[in-house]
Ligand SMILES: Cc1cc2nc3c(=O)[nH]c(=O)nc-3n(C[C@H](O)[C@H](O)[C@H](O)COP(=O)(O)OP(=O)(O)OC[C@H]3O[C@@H](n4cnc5c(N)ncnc54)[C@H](O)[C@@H]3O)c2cc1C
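Consider the single chain below, provided in structure tokens and representing the form predicted alone.
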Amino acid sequence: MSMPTMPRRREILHASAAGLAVFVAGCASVPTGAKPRVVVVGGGWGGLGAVRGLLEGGHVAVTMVEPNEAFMSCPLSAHYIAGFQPASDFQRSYQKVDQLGVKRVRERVLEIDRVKAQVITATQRLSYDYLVLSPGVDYMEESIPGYAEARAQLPVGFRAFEQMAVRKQVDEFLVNGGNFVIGTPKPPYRCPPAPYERAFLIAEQMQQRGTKGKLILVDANPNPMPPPIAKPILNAMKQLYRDQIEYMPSVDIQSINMGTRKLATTAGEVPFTHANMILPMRAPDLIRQAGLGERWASVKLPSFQSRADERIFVIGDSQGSPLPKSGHVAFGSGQQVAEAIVARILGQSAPTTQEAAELPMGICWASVTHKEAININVRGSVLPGEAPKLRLTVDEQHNARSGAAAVSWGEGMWKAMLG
């Protein structure tokens, strides 16, 4: 197995000379005078990566638009959802980021006016010289007929602070038993190993508490995603949770009926007492309103520059590259874009090159028990004019070393983001 060490800042950035060259060659000059204005939309992993990088050196006036008052990590929060840890373990204040000099606007962005270069909220019009978008994901509710009517009873829990509603359902199931269904869509979606991780940790609690029932994992994919983790995930399922988890691969959910508490699927009806429907995902409507893409924002690599507007960069889970939608990749792309923007502002450039540019690395962990995990490392590169190439390394077997490393990784990343 291959075990990572916590990457140094330069390793996280992967901001190659080639990537900076691509950026510098394509961006308009910033008018002289006051500090250039950069607006960052989103205070999650990607947005914070960009904010921290932009604030270094004091060359930029940075505004972060984020409706939540505090940060909650989606990575690792399955341990909270399954009842092993309190929510406070995954929450952090923005206080130390505020102290660095960012202007934080606690509102939702309603519109982007690309002609006037403004971000519009309910009360403000924020002008920008550069705009970094990291707004996360939205759910495609229309993909499962009946879901929209049952939204309040079927929380997805793949966005910050939504985990509380899923935790409530899990607590009820662990006490009362029954059938707990987890529905997994086809990718791309945020954190591909997450549905299996949730199933594992809930199943572990079923064993510990003696819950009578079954956890039914209805997977639209033929094997667990992403493909390199399929073997260790299936092995863990058989070795540890044979009596708790029923796995249904290559099964599409066609509709949901909360009155009868049944799912209609391509394999027949599946009754449930509780359900966690992980819906297909897309970028928020803001991306389409601004003309930056359809399901996902269309970006150039390695710069993450919008194909529609040279002043706008889209990072994190909203961007439509083949990179995995993970917190680590989001943070790294935010740092890389910040470095490129500051370089442009300072008039720095890099020689053009035809060599492959390294993309932000990804480190991910799929917890199998509260103490054991599977490590997934993703490295990518891209040649000018070609599709990105990704290289994945995965633990062959879940292990305690990866479980402990996941905790250290999370603490290190939260400190890098929030001080």
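Keep in mind the model is a prediction, meaning the values are calculated, not measured. Start at 1 and count along the sequence shown; that's the residue number.
Quick note: we don't show the form predicted in complex with the named molecule, though the next part is all about it.
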Answer range among 257-265, 85-93, 234-242, 196-204 for contact with the named molecule, defined in the predicted complex as heavy atoms within 4.5 Å
196-204
Taking the shortest heavy atom distance, is R190 within 4.5 Å of the named molecule in the predicted complex?
yes
Hey, in the predicted complex, is L174 touching the named molecule, heavy atoms inside 4.5 Å?
no
Is there a heavy atom of V41 no more than 4.5 Å from a heavy atom of the named molecule in the predicted complex?
yes
Exercise: G293 in contact with the named molecule in the predicted complex, heavy atom 4.5 Å:
no
The unique member of A61, V394, V65, A357 whose heavy atoms fall within 4.5 Å of the named molecule in the predicted complex:
V65
So which of M225, L323, A338, V109 reaches within 4.5 angstroms of the named molecule in the predicted complex, heavy atom to heavy atom?
V109
Within 140-158, the residues that have a heavy atom no more than 4.5 Å from the named molecule in the predicted complex
F158
